[in-house]
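Take a look at this single chain in structure tokens; it is the form predicted on its own.
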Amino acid sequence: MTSTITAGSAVSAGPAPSPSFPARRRGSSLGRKRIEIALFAGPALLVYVAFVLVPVVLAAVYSFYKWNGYGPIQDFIGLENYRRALSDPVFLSAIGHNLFVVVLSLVVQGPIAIGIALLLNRKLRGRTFFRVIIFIPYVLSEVIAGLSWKLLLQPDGPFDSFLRSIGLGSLKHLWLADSNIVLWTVFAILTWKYVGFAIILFLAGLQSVPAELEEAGRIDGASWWQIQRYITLPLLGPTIRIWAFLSIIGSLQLFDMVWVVTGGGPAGATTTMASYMVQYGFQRNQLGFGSAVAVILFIISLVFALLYQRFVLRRDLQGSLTRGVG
């Protein structure tokens, strides 16, 4: 009887510890994953906090003070810097210049890049060479490209001499000194500089378009233009929307090319929000006011980015993120 009871007790007590092993293994596996995530993402997160979040917070703090960048920060003026910026006609015109570049980038650069990408996506002799040539301006430094164009567009410079040599001398202008055309000149330089990136981006997107669909369209009697309009371009939509997002954000934050070529002149005809910020914040030692302009630029870019992702990129982002289970 004693042995039977002991055996029964052993049988009933035996399986009890077994469920703890999978739970312990899951816990240790989850802990290792967290450590791996911390090791890989930690340095990048620290850099992001140190060089993005902290400067944004400091700029927001400085924007409430009248400060020249030297000495202690004591002269608190509240929202005066923001009122000054938003009531300054030069800054308001700078916002208009940024919006001008935004609109023209979408209306001019986009169709040009799509058209060239569609042509280079066909089987042409030397298309690799043309792809390289088109992409070269994008890989050039903005300073090098800007100084080169500044020298080319000098009065009676190489570009004017070229116009005279082909019988178009009457088209000569003060390309960088005439306030009526200088913004168009800057946009032409920006198009030359950045359209190559858009073309390469669209060419990459075209590689994801199934060749079977184009073949089916040709079998059904569709012309090349009809195939591009009804098959290729709709499937290229996500790439176009991503490019538009990058182009608009870049246009809102435009600085380097404008600063090198015109410095924001003549008479503020090419001033952008970023060049206005640098001019007042650093050249005139009004760091508090420049910080307010930086915050305004940050808010405009952030609001646009959030709205664009909410209403334009929402369909493209659906299903791209997965949720952990367990």
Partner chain sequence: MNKHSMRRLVAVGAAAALAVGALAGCSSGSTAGSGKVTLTWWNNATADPLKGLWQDVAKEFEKTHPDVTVKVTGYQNEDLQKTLIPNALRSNTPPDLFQAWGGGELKDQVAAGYLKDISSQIKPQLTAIGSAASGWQIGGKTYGLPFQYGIEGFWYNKDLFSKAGITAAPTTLTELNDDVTKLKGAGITPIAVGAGDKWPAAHWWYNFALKDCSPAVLKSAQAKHVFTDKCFVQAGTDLQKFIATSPFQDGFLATPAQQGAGSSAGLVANGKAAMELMGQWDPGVMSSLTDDKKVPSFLGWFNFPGIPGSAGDPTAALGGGDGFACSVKAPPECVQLLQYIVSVDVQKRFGASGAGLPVTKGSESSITDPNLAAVLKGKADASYVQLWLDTTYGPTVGGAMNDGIVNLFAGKGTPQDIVKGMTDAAATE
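These numbers come from a predicted model, not from an experiment. Residue numbers count along the first chain shown, from 1.
Form predicted together with the partner chain: not shown, discussed below.
- Of the candidate stretches 206-214, 227-235, 123-131, 142-150, only 142-150 contains residues with a heavy atom within 4.5 Å of the partner chain in the predicted complex.
- In the predicted complex, the partner chain sits within 4.5 Å of a heavy atom belonging to residue 84.
- Taking the partner from elsewhere, residue 61 is found to have every heavy atom lying beyond 4.5 Å of the partner chain in the predicted complex.
- Under a 4.5 angstroms non-hydrogen atom cutoff, the partner chain in the predicted complex has residue 285 among its neighbouring residues.
- Residue 154 belongs to the set of residues with a heavy atom inside 4.5 Å of the partner chain in the predicted complex.
- With the partner removed from view, the residue among 93, 161, 253, 179 that has a non-hydrogen atom within 4.5 Å of the partner chain in the predicted complex turns out to be 179.
- Checked against the partner chain in the predicted complex, the residues 103, 174, 201, 119 give one hit for a heavy atom within 4.5 Å, which is 174.
- For a residue to qualify, one of its non-hydrogen atoms must sit within 4.5 Å of the partner chain in the predicted complex; all three of 66, 71 and 279 qualify.
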